[in-house]
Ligand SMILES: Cc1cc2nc3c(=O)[nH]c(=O)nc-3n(C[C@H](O)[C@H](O)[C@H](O)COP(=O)(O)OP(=O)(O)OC[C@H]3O[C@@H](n4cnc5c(N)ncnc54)[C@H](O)[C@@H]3O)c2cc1C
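Here's a solo chain for you in structure tokens, the form predicted alone.
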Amino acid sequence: MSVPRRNRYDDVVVGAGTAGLTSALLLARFGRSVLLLDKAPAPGGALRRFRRGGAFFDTGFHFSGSLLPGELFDHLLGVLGIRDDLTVVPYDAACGHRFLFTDPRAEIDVPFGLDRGCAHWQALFPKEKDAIAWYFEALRSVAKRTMGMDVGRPLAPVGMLDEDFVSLRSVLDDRFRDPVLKGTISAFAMCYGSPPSCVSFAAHARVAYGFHQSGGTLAGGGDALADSLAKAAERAGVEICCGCGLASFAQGKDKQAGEAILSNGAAIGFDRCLLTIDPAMILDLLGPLHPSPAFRERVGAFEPSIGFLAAYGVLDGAAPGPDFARSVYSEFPGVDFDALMDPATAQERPLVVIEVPGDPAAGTPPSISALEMSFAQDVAPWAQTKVRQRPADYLEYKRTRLEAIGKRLGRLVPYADRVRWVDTASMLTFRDYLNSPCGSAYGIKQKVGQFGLFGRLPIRNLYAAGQSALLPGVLGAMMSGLFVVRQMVGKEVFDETTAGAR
């Protein structure tokens, strides 16, 4: 456990995941003294990888959209000053994602480039040509009107859009007829974790837009991004204190939080504190500060998104073919994602397969991560157990799921018989290792008209940012950190300082 070197800082940032690292780095660049806290032994959160069977496996960062020069991910790396530290590994532009539906049987490729994707889908569904053209134009429109997504333009806030109050399901039913096309559009729900009847069309469009632009990963996976952010933060003067979390706040004056009481018992003074942790955990911390009943009700209404049962394997024998690790493969038992994303469904769950090439020079074998959709209810019987203390029936649950995933893999890839499984992880695994309430993949479920915790909280010197505030995943986490720091240091000062990175 590391110990803070001082007893007071201008800003304390809680949570050293993507949002926390982004926020701490930016605050320090504005001359603030910053302490970054995390319970984990190293900064990075879900970006961190682990090693099994000689291969490295990503925990939460597997791929991203909008990563080519001039696109959003690339732009954010530039704002943070770490673009040159990272190497982008793009997926196949002709087929970055492949959706395989088993009922009805269909195989749909997703090429990169919105015009190219639109033309490809129009060729597959000629009767829906006009509706498909409308859809791709709607993706562009939502992205252009969402603050921060229109790269190169000033950050002009527009607030919630009309599309934030319309569900994806209502748009699908109003605009489209072919059930396979509806399923194809809905498939990106796997990248934000909410079903079509729940998520707004705007939230869907913001995610889908990026994955239609481009896609790929980083050399070195999430570790590379975590290390670059952490090193940049330390160079800027951020003090990173790992193995030490925030236990509580002391009551302050004038409706503000007082000292931060850490898990090691230390009391740290601060001007402002930014919380980049799950909203439920924020609510627990704010309890002694007496937030309003309306705030409690608002946060209490948040629901967790889907999670995953993850199976990790390495490939034995001959090297895989040239197309290996050029696309993401997903198998869906049906096309109705409201049914597929219902915890009570009797169908097989959606399965996503992510391939990672080996490195012969380093002796690293090619590997795969197979992610099967999961829900908190799946592991509820063991929710009170701890890592390495799970009972036999839990281990049998994981063994059964792994066997089923192995069988399904044979329908997806030619190397299925050469996969040697080296580990599995349930939502409880993610919960315990990532210090999250239930191990959901995307934090809270995105809902129509719902406002996530973002910006200044009801306690005057407390702020919130994180994965679920604007967009899910790494892009959303970086954007939320950027926007909240902009609020904390002042919009004019922030915009003037960062203008050169646009």
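Numbering starts at 1 and follows the sequence shown. Remember, predicted model here, so these are calculated numbers, not experimental data.
The following text describes the form predicted together with the ligand, which does not appear among the structures shown.
Undergrad: Which pick from Cys438, Val448, Leu434, Leu457 sits with a heavy atom within 4.5 Å of the ligand in the model of the complex?
TA: Result of the distance check: Leu434.
Undergrad: Looking at Val12, Ala16, Val485, Leu25, which is the one with a non-hydrogen atom within 4.5 Å of the ligand in the model of the complex?
TA: Spelling it out, the residue with a heavy atom inside the cut-off is Ala16.
Undergrad: Although the ligand is absent from this view, report whether Ala55 comes within 4.5 Å of it in the model of the complex, heavy atoms only.
TA: Although the ligand is absent here, Ala55 would stay clear of it in the model of the complex, with no heavy atoms inside 4.5 Å.
Undergrad: Indicate whether the ligand has at least one heavy atom within 4.5 Å of a heavy atom of Thr59 in the model of the complex.
TA: Within the cut-off, so yes.
Undergrad: Is Met281 near the ligand? Define near as a heavy atom within 4.5 Å, in the model of the complex.
TA: Met281 belongs to the contact set for the ligand.
Undergrad: Would you please decide whether Pro365 lies within 4.5 angstroms of the ligand in the model of the complex, comparing each non-hydrogen atom pair?
TA: Contact with the ligand, no.
Undergrad: Work out which of the listed stretches, 357 to 365, 170 to 178, 426 to 434, 379 to 387, brings a heavy atom within 4.5 angstroms of the ligand in the model of the complex.
TA: Answer to the contact question: 426 to 434.
Undergrad: At 4.5 Å, heavy atom to heavy atom, what parts of 255 to 289 sit next to the ligand in the model of the complex? List them in sequence order, or say none.
TA: If the 4.5 Å heavy-atom criterion is applied to the ligand in the model of the complex, 255 to 289 yields Thr276, Ile277, Met281.
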